[in-house]
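Structure 1 and structure 2 below are two forms of the same protein chain, each written out on its own as structure tokens.
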Structure 1
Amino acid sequence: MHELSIAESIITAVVQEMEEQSLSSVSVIGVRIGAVSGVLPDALLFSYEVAIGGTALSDTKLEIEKVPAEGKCRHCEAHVRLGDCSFLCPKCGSGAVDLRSGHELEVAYIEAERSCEGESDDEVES
């Protein structure tokens, strides 16, 4: 299950960001996962819950945004949303579709508190 190694990579990246940005705590980590990225969102959530035990992120929530597969057909020039199993243009049936989104796997944001006194919750873009 490669989702466990992805969860561990997310944890490592966020803990590093906490150190670099002087964040005292993180409450939410937002992740974008493309429909054709090969990552199963439910498996990633499960793996994340297992992996955060005993870390600085043990009380955090992982939020997942699913990004649909979209592309542009080279034949009819249509901008189309693709199905999970088909990369054929739904307009003309051509297989000449350039994928524009759906392969993402990224930490999109972190909701956290800074270590400095007097500062409130911040959203840190990654």
Structure 2
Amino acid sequence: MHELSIAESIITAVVQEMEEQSLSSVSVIGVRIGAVSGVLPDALLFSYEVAIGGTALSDTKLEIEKVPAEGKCRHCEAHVRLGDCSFLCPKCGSGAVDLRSGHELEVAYIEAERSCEGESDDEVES
């Protein structure tokens, strides 16, 4: 259940971003989880609910986008998408697939309000 510490890392990352960008009332946090990242989406959702209790994010919802593991097989040279929990090429069975995607573990977006104290949009444009 290392999903709990990953949930905590998500919270830390988002809180840091809220401070840096002066964001408030976060409602949604979107994360991308690669198929071979070792993180189970259901376990992460559960852990997230536990971890947000008593934090600034206690009313937020976690949205998970699963990213399939894709890459080129060194053996048969096919571009393939791996099955769940497997590193084997579905075409030829080799394990030598160089992955382009599938390891992702990232916060992709948050839905929040920008609190623009004194900083108006026109100023930013100038």
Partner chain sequence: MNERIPLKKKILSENDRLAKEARDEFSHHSVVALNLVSSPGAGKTSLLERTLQALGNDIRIGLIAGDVQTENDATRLIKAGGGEMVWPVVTGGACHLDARMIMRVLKDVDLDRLDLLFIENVGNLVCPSSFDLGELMKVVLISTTEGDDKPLKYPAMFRRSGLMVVNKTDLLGTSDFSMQRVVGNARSINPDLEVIETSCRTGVGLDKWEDWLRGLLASGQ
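Definition used throughout: the rigid core is the maximal C-alpha set that superposes within 1.5 Å between two forms. Residue numbering: sequential along structure 1, first residue numbered 1. Keep in mind the model is a prediction, meaning the values are calculated, not measured.
Q: Between structure 1 and structure 2, which should be identified as the form predicted together with the partner chain?
A: Form predicted together with the partner chain: structure 2.
Q: Aligning on the core only, does the CA of residue 28 end up 2 angstroms or more away between the two structures?
A: The answer is no; the displacement is under 2 Å.
Q: Hey, core superposed, how many Å does residue 77 shift at the CA between the two structures?
A: Residue 77 is displaced by 3.2 Å at its C-alpha.
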